[in-house]
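Starting off, we have a lone chain in the form predicted on its own, written out as structure tokens.
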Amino acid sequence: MASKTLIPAVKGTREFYPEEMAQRNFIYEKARQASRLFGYQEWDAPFLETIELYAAKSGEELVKEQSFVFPDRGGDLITLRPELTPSLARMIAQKQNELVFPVRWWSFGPFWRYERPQRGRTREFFQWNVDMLGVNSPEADAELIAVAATFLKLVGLTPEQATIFVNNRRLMDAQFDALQISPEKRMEVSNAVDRRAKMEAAKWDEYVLELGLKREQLDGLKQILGNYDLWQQSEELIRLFNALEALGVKDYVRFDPNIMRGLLYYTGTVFEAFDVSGSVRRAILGGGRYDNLLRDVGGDPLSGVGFAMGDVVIGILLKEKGLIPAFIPSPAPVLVTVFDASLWMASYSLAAELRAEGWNVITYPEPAKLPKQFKFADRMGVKVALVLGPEEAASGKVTVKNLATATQESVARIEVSAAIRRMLATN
């Protein structure tokens, strides 16, 4: 008989077995906790969007090379969303006169980019997005950075393990003015700065000169990129760091003139978080201020600041650091065994009573020898097993077995919850 061939998953997508799902939920819960600590509201947008939404401000690379684009049955070009900020801008613009500002929103959902799969990068990923709209100040920027730093704290990462690096586009524009770099070349130069850490020094110099900069401009640019006291020339960054200190997260943040962020819509503060102690070389999260995005989707001008964090890189980092909680196979700490067919429904009834009292309970799905059921409970991480056999049924009692200590006691049915609670307290 010919063996069957399994149909593989689509390249770049991910399969979440229970253990991987537990990791994803851990990241989601910590993101949710950090967001809610600062009063942010949860929201979401469509998974499908028209390509025009991204064409204006996200950059040609995102639209032409990284998006999953296909025609719908009407012939319109549709894309699986590669990012969330343009959708945010449209939704805010649609209800701009109804919303209470400043808007503080956060979201955690799936995104897709047609990239070459590699460590830390997949074509399908989940992303945490946090945005504040309606306030234009370095202090608002600091709050977003504080949300990110709070998440790093909540998952157990120290400033020595993960650091948020900040810069300011207006500060860098002033430096570009001094170097007489034309406005037409600034986005290319900014992208080159973003790529600097990934290239050999000589090759990067050559690359920048090929963009049309003169040798003296290149030398001046390198001097700027090595000046880590440059932030003191920016009133915005001085205010930003003062606010970060007041918010109690300054230890997580450092100035770095090499942080530029490639997307077109950033106008002021920009920031990225990196693993500074391990092997993950990609950014953990990144964001910044975008003052013009709403206008580009038909809304009135409105200042905004936000960041995004994918779950892939942070998942690798947390696993490397041993910060993912131990996987517990079953969310139910209690197993109700099924002694035999005659007591099957009695066991189901006992399980239902316990669920009504707030317990998560798993019931063995058929009569089987008790050792087999106990072995199943052990493999699933269940802590307490209940036995309702003929003797227990006749006396109105239940045997409550502590699987960790192999001890047990027989209690009246009404006392089962208290017995479970005592046993779990000793595990």
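Quick note: we count residues from 1 along the sequence shown, nothing fancier. Everything numeric in this text was worked out from a predicted model, so none of it was measured.
Separately, the form predicted in complex with a further copy of the same chain exists; it is not shown, and the next lines address it.
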{"item": "Contact stretch among 182 to 190, 303 to 311, 167 to 175, 89 to 97 - heavy atom within 4.5 Å of a further copy of the same chain in the predicted bound form", "value": "89 to 97"}
{"item": "Distance check, R254 to a further copy of the same chain in the predicted bound form, heavy atom within 4.5 Å", "value": "no"}
{"item": "T13 within 4.5 Å of a further copy of the same chain in the predicted bound form, heavy atoms", "value": "yes"}
{"item": "A9: touches a further copy of the same chain in the predicted bound form, heavy atom cutoff 4.5 angstroms", "value": "yes"}
{"item": "Proximity of A412 to a further copy of the same chain in the predicted bound form, heavy atoms at 4.5 Å", "value": "no"}
{"item": "Contacts with a further copy of the same chain in the predicted bound form, stretch 319 to 356 (heavy atom within 4.5 Å)", "value": "F327, P329, S330, P331, A332, W344, M345, Y348, S349, A352, R355"}
